[in-house]
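Given next, in C-alpha cells, is a single chain: the form predicted alone.
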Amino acid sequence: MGTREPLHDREVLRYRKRPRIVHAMLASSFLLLLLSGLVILWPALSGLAAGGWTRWLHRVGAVIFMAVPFVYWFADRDGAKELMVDSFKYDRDDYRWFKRFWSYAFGHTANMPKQGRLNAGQKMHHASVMLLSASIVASGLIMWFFMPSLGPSLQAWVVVIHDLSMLALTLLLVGHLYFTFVYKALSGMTRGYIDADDARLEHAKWVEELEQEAAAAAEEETTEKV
C-alpha cells in the first residue's frame, strides 16, 4: 500500500499503480454487490429483478470481491503483508489519536498525535473491512451453495449475518468517502500522489521515515562516488 520513495517538493507518492488497481477492483465489486443486493431485497425495486439478471450480477460481483485478496497478494505481496500487520498494530500515539478523533472528524489535524503510514482511524477501518468482508463471504457462500440443507432457523441467521455485515460495510464506505474528500485524499487513488504538506500533517511519522531513508540513500550515493 505504501511506498518508501523520497518526498518531492510538493507531493509524495502514496500508492503505487498495482494497489490502486486492486482498490478499484474492491470498490467496483462492492458497489455491484450493494446495488444488485438492494434490488433483490427491497420490494420497491423487485420489478428490476425480473428474469434473474440481478442475481447473476450479484454472483459476478461476489466472485470479483472474493478474488480481491488473492489478486492483491500476487500483485503486491509486500504491500499486502504490510497492510495486514499495520491494520492490527497500535501504539500509544494511536490510542491518543482516538481520544481526539472528533477533532480529526471535523478537519482539524494540527494538534493530532503523530501518525505512521496509516493513522489510527485508517487502521481500524482496514481491520473492520477485512473482518466484515470475511463475514460477508462466509455467509454468502453458505447462501449460494448450502442454503437448502439448512433448517429455517439457521437460514434466517445466515441471512441476518450477511445483511448486517453488508450494512456495516456500507456505513464504513460512507465514512471512507467523507474523509477522502475532507482531507483531499482522492488524488492518492487516482494519480498515486498526495500533497506533501497534507502528508506531514496526517502521517508525520511516515514522512519522517521517508526523509530519513532519502537522506541515507543520498549519503550512500555520495560515498560511492567518492
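Note that residue numbering begins at 1 and tracks the sequence as displayed. Since we're looking at a predicted model, the values are computed, not measured.
The following text describes the form predicted in complex with a small molecule, which does not appear among the structures shown.
Enquirer: Exactly one of L186, L167, V160, A67 has a non-hydrogen atom within 4.5 Å of the small molecule in the model of the complex; which residue is it?
Expert: It is L186.
Enquirer: Taking the small molecule in the model of the complex as the reference, which of L31, L171, L41, V182 has a non-hydrogen atom within 4.5 Å?
Expert: Partner contact (heavy atom, 4.5 Å) among the options: L31.
Enquirer: Which one, 104-112, 91-99, 117-125, 149-157, holds residues whose non-hydrogen atoms are within 4.5 Å of the small molecule in the model of the complex?
Expert: Of the options given, it is 117-125.
Enquirer: Taking R191, A196 and R200 as the candidate spot, are all three within 4.5 angstroms of the small molecule in the model of the complex by heavy atoms?
Expert: No: none of R191, A196 and R200 comes within 4.5 Å of the small molecule in the model of the complex.
Enquirer: Does at least one non-hydrogen atom of H23 fall within 4.5 angstroms of the small molecule in the model of the complex?
Expert: H23 belongs to the contact set for the small molecule.
Enquirer: Does any part of R55 reach within 4.5 Å of the small molecule in the model of the complex? Heavy atoms only, please.
Expert: Heavy-atom contact with the small molecule at 4.5 Å: absent for R55.
Enquirer: Though only this chain appears here, would A27 touch the small molecule in the model of the complex if you measure heavy atom gaps against 4.5 Å?
Expert: Within the cut-off, so yes.
Enquirer: How about H176 - does it come within 4.5 Å of the small molecule in the model of the complex, if we only consider non-hydrogen atoms?
Expert: Contact with the small molecule, yes.
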